[in-house]
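Below: one protein chain in two forms, given as C-alpha cells, structure 1 then structure 2.
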Structure 1
C-alpha cells in the first residue's frame, strides 16, 4: 500500500513537472494551447481535432455562464432564498414566490464539478498533444490527419471507441447519483427540510455522530440492526453453503439413482420467481395463515404459532425459509466443482484408511473453498443487502417501540428503505447507506485477501 501511494504521488509530481516544462520549452502553438484548447492542433493543420477541443472549451464556458456557475456558487450554503407566499394586488390572492431549491443546487453543482473534471482531463490532454505534435514536427515526422485518427480509433484504439459510451453513461447514472447520495449524508435533508418549500444545508458529520452515539434511539436502532444483519448474513450464507454442498454430495453418490430427476426437483425452486415463493410463504406462515389453521384444526396447537409475529421466532423463520430459496443455487455450483475433484485423491485416501468424514474435511472442503471463496464473499455481501427475503417475507416486522422506524427483523438495508419512503429522512438514510458500503467493502477486502484462494492460488493448478 505504501509503495502504491508513493508511486501515486510521484506520478502527480511528474505530471506537474511536465505541465510547466511543456510551457517553458514549447513553441507558440504549444503555449497558446494553455489558453485556447486545440491551438496546438488547428495551428498545425489538424483542423477538425483542434476545433473539437475548442468546442469543448467554449461549450463548458457557456454552460457555466448560462447555467452551472449559479449552482456551483451556492454549493457552500445549498441556497439562502426560501420560497414564500406574497399577496398580489393585481390578482387579488397570494402567489408563491419561488426560492432556491437545495436538492437541485446539490445535484447540478456536483454535476458541474464532475463535468469540470472531465474538461480538465481533456485540457491536459490537449496540452500533451500539442507538445507531441511539436516534437513530431521537430523530428521531421508527419502529423496524423483526420483519416489517420479515425482509422486509429477502429484499430489500435478500438477499446476507446467501444467503451466511451458505457463510460459516459456510467458517470451520468452511477457516479453522479452515488456522489449525490454520499454528500446528502452531510446535510439535514429530512421531512422538515423538503425543497422547494424549505431549504436544507450542510451539517458536517452530525448525522454520523447521531447514528453512532449522539441520538440514543438512532444509535440503539443502528447497533441492534447491525448485529442482526451480521447474524443474518452469516447464517444465510454458510448454512446455504454447507447444506448445498452436502446435498450435491448426496445426489452425486454412485449408488443414487435418478440424479437428473433429483437435481430437477431442487432446481424448481430456482425456476419459480423468488418474490412469488416468498409472498406465498409469508401468507402461509401468517398467524391466520394456512399452516396455523391446519395445526389448530388437527388439535396440535391451541393458539397460532407466532412464526412471523414474534421477534426471535421470526428471525429463525426467515433464516430457515432462506434455506429453501438458497440451497439449490449452492447445489448447482457445488455439483460442477465436485465433478472436477480428481477421483485419484479419494482412491488414495481410501487406501490410507481415511474415513468419509476425513475425506470431506481434508479433500472436499479445501478444494471447494479454494474454488468458491469469491462466491462465498459475493453471497455474504449480497445477504447483507438482501432486501427481497426480509421485506417480502416479514416487511421487517414485528414492529418495535424501542427502534426508530424499524422492526425486529429489519436489516440495515430495509431500514434505509423505510427511512427514505416512510420517514423522508434522506440524510440519515444516506448515512446508513455509507455505513453499509464500508461494512461490505471491509468484509470483502479482508476476507478475500486472507483467503486461500489468493494466498495459495497455484496449489490446485
Structure 2
C-alpha cells in the first residue's frame, strides 16, 4: 500500500516536472497548446483532432460563462440571497422575490467542477500530444493522420472506443449524483432548510457526530438495523445463489426433457413486476389472508399465523419470499455459465468414480465461484441496498417502539428512505448513506481483489 502511494506521488511529481519542461523546451505550436488547446495538432496538420480539442476548450468556456460560473462562484456558501417578500399595496399582497436555491448550486457546482476535471485531463493530454508530435517531427517521423488514429481506436486503443460512452454516462448519472450526495452530508439540508424559501449551508462534520453519538435511540436503531441488514443480505445472497445453481443443474441435466419449458416456467415469475407479485404475496400472507384462511379451514392452526405481523416471523418470511424472487435470476445466469464448464472435467472425475455430490463440490462450485465471485459481491451489496423487496412486501413493518422511525424488517436503506420522506432530513440520510457506502466498499474491495476470480481471471482462458 505504502509503495503504491509513494509511486502515486512520484507520478504526480513527474507530471509537474514534465508540464514545465515541455513548455520550456517546446517549439511554438507546443507552447501555443498551453493557451489554445489543439494548437499542437492543428498547426502540424492534424486538423480534425486539433479542432476537436479547440471545441472542447471553447465549449467549456462557453458553458462556464452561460451557466456554470454562477453556480461555482456560490459553492463556498451555497447561496446567500434568501427568498424575500415585499408588500405591494397596489396588488394587495406581498410579492415574493425568489432567492438562491442551495440544492441547485451544490448540484450544478459539482457538475461544473467535474466537467472541469474532464477538460483538465484533456488539456494535459493536449500538451503531451503536442510534445510528442514535436518529438516525432524532430526525429524525422511521420505524424499519425486521422485515418491512423481511427484505426488505432479500433485496435490497440480499442478500450478507449469501447469504454467512452459507458464512462460518460456513468459520470453523468452516477458519479455526479454520488459526489452531490456525499457533500450533502456536510450541510444542514434538513426540514428547517428546505428550498426554495430557505438556504442551507456547510456545517462540517456535525451530522456525523450526531449520527454516531448524538442520540442514543438513534445510534441504537442504526446498530439494530445494521445487524439485520447484514443477516438479511447474507441469507438473501447465499441461499438464492446455492438454490439457484441447484435449480439450474437440475434443469441442465442431460436426461431432462422440456428444458425450455421448465426455464420458461420460472422466468414468468420474473416477468411479473415485483410491485405486483409482492403486493399479492403480502395479501396472501396477511393475518386475514388466503393462506391463514386455508390453514384455519383445514384445522391446521387455530389462530392466524403472524407471517408479516410479528417481527421475528416477518424476518423469516421476507427471506423465504426473497427466495421466490431471486432463484429464477440465479438460475438464468448460472445456466449459461454451467454450460461452459468443460465436459472433460466431469468425465475425468466420473472415471475416478466421483459421486454427483462430490462432482458438485469439487468441480461445479469451484468453477461457479471462480466465475461469479464478482457477481456474488454485487449481489450482496445489492441486497444490503435491496429497497424493493422489503419496501413492497412489508414496508419495514411491523413498526417497533424500540426503533426510531423504523420497523422490524426495515433495512438501513428503507430507513433512509423514510427519513427523507417523513423528515426531509437529506443531510442525515446522506450521512447514513456514507456509512453504508464505506462499509460496503471496504468489504467488497477486499473480497473482490482477493477473490480467485480476479487474481486468476485468466485461469479458464
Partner chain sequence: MKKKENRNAIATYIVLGIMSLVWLFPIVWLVLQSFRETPAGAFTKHLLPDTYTAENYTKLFTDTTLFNYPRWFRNTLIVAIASCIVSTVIVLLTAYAFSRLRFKARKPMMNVILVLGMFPGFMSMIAIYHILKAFGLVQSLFSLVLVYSGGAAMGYYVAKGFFDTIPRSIDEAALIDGATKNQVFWKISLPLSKPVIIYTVLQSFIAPWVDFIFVSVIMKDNYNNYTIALGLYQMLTRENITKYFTQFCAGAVLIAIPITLLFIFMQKYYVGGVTAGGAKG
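Positions refer to the first chain, counted from 1. Here the structure is a predicted model, which means the values were calculated and not measured.
Each structure shows the same chain on its own, and structure 2 is the form predicted in complex with its partner chain. The rigid segments shift between the two structures, and of the options 77, 214, 350, 322 the one at their hinge is 214. Treated as two rigid bodies, the chain shows a rotation of the smaller part against the larger of 21° between the two structures, based on C-alpha superposition.
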